[in-house]
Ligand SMILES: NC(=O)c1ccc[n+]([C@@H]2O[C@H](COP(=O)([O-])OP(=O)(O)OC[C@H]3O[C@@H](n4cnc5c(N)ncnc54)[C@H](OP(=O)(O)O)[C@@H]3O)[C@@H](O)[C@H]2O)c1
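The chain below stands alone and is given as C-alpha cells, in the form predicted alone.
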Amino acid sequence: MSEMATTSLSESSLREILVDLAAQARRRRFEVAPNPCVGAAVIAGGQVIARGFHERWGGPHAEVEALAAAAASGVPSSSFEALVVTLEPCSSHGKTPPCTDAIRSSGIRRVIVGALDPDPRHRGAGLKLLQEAGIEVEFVPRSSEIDRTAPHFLRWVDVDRQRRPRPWTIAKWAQTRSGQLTPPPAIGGGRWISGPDALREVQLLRGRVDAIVSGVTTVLHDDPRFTVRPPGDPSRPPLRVILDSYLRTPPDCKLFTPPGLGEGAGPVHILCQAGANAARHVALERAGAKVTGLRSSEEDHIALRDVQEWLWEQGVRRVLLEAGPQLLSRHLEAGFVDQVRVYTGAVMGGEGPTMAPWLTRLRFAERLDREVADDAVLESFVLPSE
C-alpha cells in the first residue's frame, strides 16, 4: 500500500475531500453507534460525482451508498477514477455484506483511504483483499483519524471490552422539566410526557436495535407493548426483554397481544432469578414468553453482568434500555450504558424519583442538544467513570 500514488487530484485536494467527508459523517454518530462514522465519495474527471454516508446502524455502509449514487449519476462507470473513503472498507460480514465485495464488483480500480481500521482483528484485512483483487490502494495520512471522527468506535473495539463483550446500550427516557419520569396524573393519562414528534423518533430508534430491555416495574405500571410502528421499520422488530426476578409479569399483559396491521413485535423474553416460581414460569411460557433463569446479585436482583452476557449470546449487539429510574440507575452504576437519549417535555411537576443526579455526574462525550417540536433532546455518549 502506497501513501500516495498518482491521481488526477493532488494530495491536498484528496485531504480536503476526506476532511469534509469525515465532518459530514460525524453528524450521524448517534445513529450509527457503535459502528464508526464513515463517508465515501466517487471521483470522475477530477471531480466528486457522488457521496455516501453510513446513515444508520444496520443500514448500508458509506461505500455502498456512494457507489449507488455514482451509478445513478449518469456518469459512465468507465470514467470512475477512484473511491475515496474515510475509513478502511470492512472485510467481514455483519449486518451487511463486506464493503470489499461491493468495491470489487463495481469496477473501481483505485481506493483512497484516510484511516485504517482500529480493530486489531480486522486492521489491514480490507486493504489486503482489495490489493489481491488488483485494486490500487492509497493512503492519505492524518486526514480522517478515527480518534477524531469516531472515538466511540475505539471504545467499542477496546481490548478489555473484547475480552468481556457486551452489547452497546442506549438508555432512553422522557422526563418532565422538573426531572420526573412520571408526569402528573392529568397529563398524558399519567403516562405520556413527550409529544407525537418525539414518539415517532422513538419508533425509528426501536427499529434500529436488536433488543429492547425493560423491567417488570415498567410492565406493571405502564403495560407497554414495545412494538415497532411506522415510521420505524416493523420488518425488523427487536427482542423484547423484561428483567423480572420473581416472575411478576402478568400473563395477560399487552406484551402478549398480537401485533396489529403494519406493526412489528419481537419475541418476548423474561429473565428471572434461577428457581423462580414454577407455576408462574409455566403460565408465562403458555402466554408466549421464553423464560430464562439467571444468577442473582447481592442486591437480590438478576445480575446485570449475566444479563449482558445472555444478550450477547443471543446475537444482540445494540440495545435500547427503556426502563424506570431504578433499572436505569442500576445500569448506569454498573457502567453498562454507552449512550443516552433524554427527552424533556414541556411538562412541569410529576411523580416519583428523578434522574437529575445522574445527569449532573455522568461524563458526557460529543454531547448534542437539539429540539423536536416542544421537546428538548439530549444525546450523548457516556464515558467510563474515572
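Numbers follow the displayed sequence, beginning with 1. Everything quoted here is computed from the prediction, not taken from an experiment.
Omitted from view is the form predicted together with the ligand, to which the following refers.
When the contact criterion is heavy atoms within 4.5 Å, does T292 count as touching the ligand in the model of the complex?
T292 lies outside the contact set for the ligand.
Test of understanding: in the model of the complex, would L320 fall inside 4.5 Å of the ligand by heavy atoms?
Contact with the ligand, no.
At 4.5 Å between heavy atoms, is A174 in contact with the ligand in the model of the complex?
Close contact exists here: in the model of the complex, A174 approaches the ligand to within 4.5 Å, heavy atoms only.
Report whether the minimum heavy atom distance between Y246 and the ligand in the model of the complex is within 4.5 Å.
So Y246 counts as contacting the ligand.
The ligand isn't shown here, but in the model of the complex, which of 103-111, 284-292, 213-221, 86-94 has heavy atoms within 4.5 Å of it?
Checking each option against the 4.5 Å cut-off leaves 213-221.
Can you pick the one in R236, R161, H122, H301 that has a heavy atom within 4.5 Å of the ligand in the model of the complex?
Contact residue from the list: H301.
Of the residues L116, V202, L181, I135, which one places a heavy atom within 4.5 Å of the ligand in the model of the complex?
Of L116, V202, L181, I135, the residue with a heavy atom within 4.5 Å of the ligand in the model of the complex is L181.
Note that the ligand is not shown here; using its position in the model of the complex, name the residues of 40-78 with a heavy atom within 4.5 Å of it, in sequence order.
Going through 40-78 in order - heavy atoms within 4.5 Å of the ligand in the model of the complex - there are no hits.
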